[in-house]
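Here's a solo chain for you in structure tokens, the form predicted alone.
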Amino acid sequence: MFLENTVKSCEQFGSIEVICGSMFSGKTEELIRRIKRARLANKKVKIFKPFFDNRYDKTMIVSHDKNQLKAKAIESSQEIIKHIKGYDIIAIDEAQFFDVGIVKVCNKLANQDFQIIIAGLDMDYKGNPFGPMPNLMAIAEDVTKLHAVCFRTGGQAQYTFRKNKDEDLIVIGEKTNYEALSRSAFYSVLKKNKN
């Protein structure tokens, strides 16, 4: 995480950091860690989350380890702009669920000297790039890819496998619905399910 502006110019610019990975890789935990660190540096942080992600709480971002911080639940990326006055850092959890306009919003805010820290799934349950995440990673100064432990092999997991047959792209869930899988386990399960 960058707490200081490293650009040697009279113009002020912020930055974009992305934390990505599969489910159960610790993305929200890392986001919370960075927010706490920024607050120790006396930075004012505003946290956002998608309004429909209420797995643990409607107004908190909550890690699987139950660490939590108060957040503003919003329906669209444009709402972020209405709530940033007086803040230095904008933190966004579950960014894959936001509309594609979030890319433009983050770029605009970084160009206005805000530091943006984003956490989200980089791939959906089919192993495809998820929502605006690929574009957010492309414009970011820093991308951190986290890995979970594969539920089946114990190895490094980068895929999120949905255990039920629901075909909707977005299905909010936890361990009852999803598993973190390694590449070999993920493609073995996909191949088995096709037969």
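We number the residues from 1 along the sequence you see. The shown structure was predicted, so the numbers you read here are calculated from the model rather than taken from an experiment.
Absent from the display: the form predicted in complex with ligand ADP. The rest refers to it.
- The shortest heavy atom separation between Ser25 and ligand ADP in the predicted bound form is within 4.5 Å.
- Though the partner is left out of this view, Phe151 does reach within 4.5 Å of ligand ADP in the predicted bound form, counting heavy atoms only.
- Contact annotation for Lys46: none of its heavy atoms lies within 4.5 Å of ligand ADP in the predicted bound form.
- None of the heavy atoms of Glu141 is located within 4.5 Å of ligand ADP in the predicted bound form.
- Here the marked residues Glu29, His64 and Ala180 all reach ligand ADP in the predicted bound form, each with a heavy atom within 4.5 angstroms.
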